[in-house]
Ligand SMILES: Cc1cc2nc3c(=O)[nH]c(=O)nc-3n(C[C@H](O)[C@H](O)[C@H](O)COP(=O)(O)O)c2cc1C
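Single chain ahead, by itself, as structure tokens, in the form predicted on its own.
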Amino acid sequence: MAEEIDNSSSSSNKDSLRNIFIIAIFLCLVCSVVVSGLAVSLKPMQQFNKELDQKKNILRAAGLLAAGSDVGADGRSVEEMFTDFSVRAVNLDTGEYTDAVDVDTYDPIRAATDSSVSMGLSDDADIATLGRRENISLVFIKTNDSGLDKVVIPVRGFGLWGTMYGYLALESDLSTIAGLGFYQHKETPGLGGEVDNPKWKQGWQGVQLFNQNGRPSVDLVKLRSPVQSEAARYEVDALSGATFTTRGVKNLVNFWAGDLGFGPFLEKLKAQQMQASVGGQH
């Protein structure tokens, strides 16, 4: 009888709340260690994939990599193609290159949330609805044997449901658009989501970013102007049924090409190009 009572007591102790609690804590600790270990071990791979995705989007905006492809028309890999680019940090206020940040680790979008390294935008100036703009951003410059080939700048701005993030590529004249692509947005599929449509994106190629007075003048319109007219040089087809997204794209492109964006940098780079051209003629 006493032996039965002891066995019953032992079984009861094993199922006690205290034992269950101890086992639960032990399992949580084991799971935490495993998850932490996996996170640390996978971090380099995650960083590599993030950088690879960025390079793909830059190459696609520049018209150098087809959508859905991981190799260029010449068979080169993304990494090989991107060696043609140099990454530089730019002070957006002065338009000058700067070494104040490490381009390999610097995140302009994160910097925009830090009031010590960004500026607040007034309602009138903030046509892209950013709230704040970083003081330093990055540019991606492709050169060839003749010199400057393409310049790609990061752009972002609010659409209908959230901020759209992408890249705007310019030809060597720094005025003709080579392409525009978004890598992240929350726009409605079939409407604003048509920013991902290859046919619509192709319509940006050859559009002029600046008017004769040097001001950003891209316009997204429902009805295009006559082909030979001055206005037609700055026009892109509006997105059907997506008024807010259309307006957002127009505003973000013109903002980042303007005085508060990369305008000062592009002006200085144009001047350098002109001086190099004049110097080469002597």
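Keep in mind that this is a model prediction, so the values were computed, not measured. In case it trips you up, residue 1 is the first one in the sequence shown, and so on.
There is another form of this protein, the form predicted together with this ligand, and it is not shown here; the text below is about that form.
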property: Candidate from 160, 177, 81, 139 lying within 4.5 Å of this ligand in the predicted complex - any heavy atom; result: 160
property: In the predicted complex, the one of 121, 109, 87, 191 near this ligand [non-hydrogen atom within 4.5 angstroms]; result: 191
property: This ligand contact at residue 225 in the predicted complex, heavy atom, 4.5 Å; result: no
property: This ligand contact at residue 187 in the predicted complex, heavy atom, 4.5 Å; result: yes
property: Touches this ligand in the predicted complex: residue 243 (any heavy atom, 4.5 Å); result: yes
property: Stretch in contact, per heavy atom within 4.5 angstroms of this ligand in the predicted complex, of 61-69, 28-36, 253-261, 233-241; result: 233-241
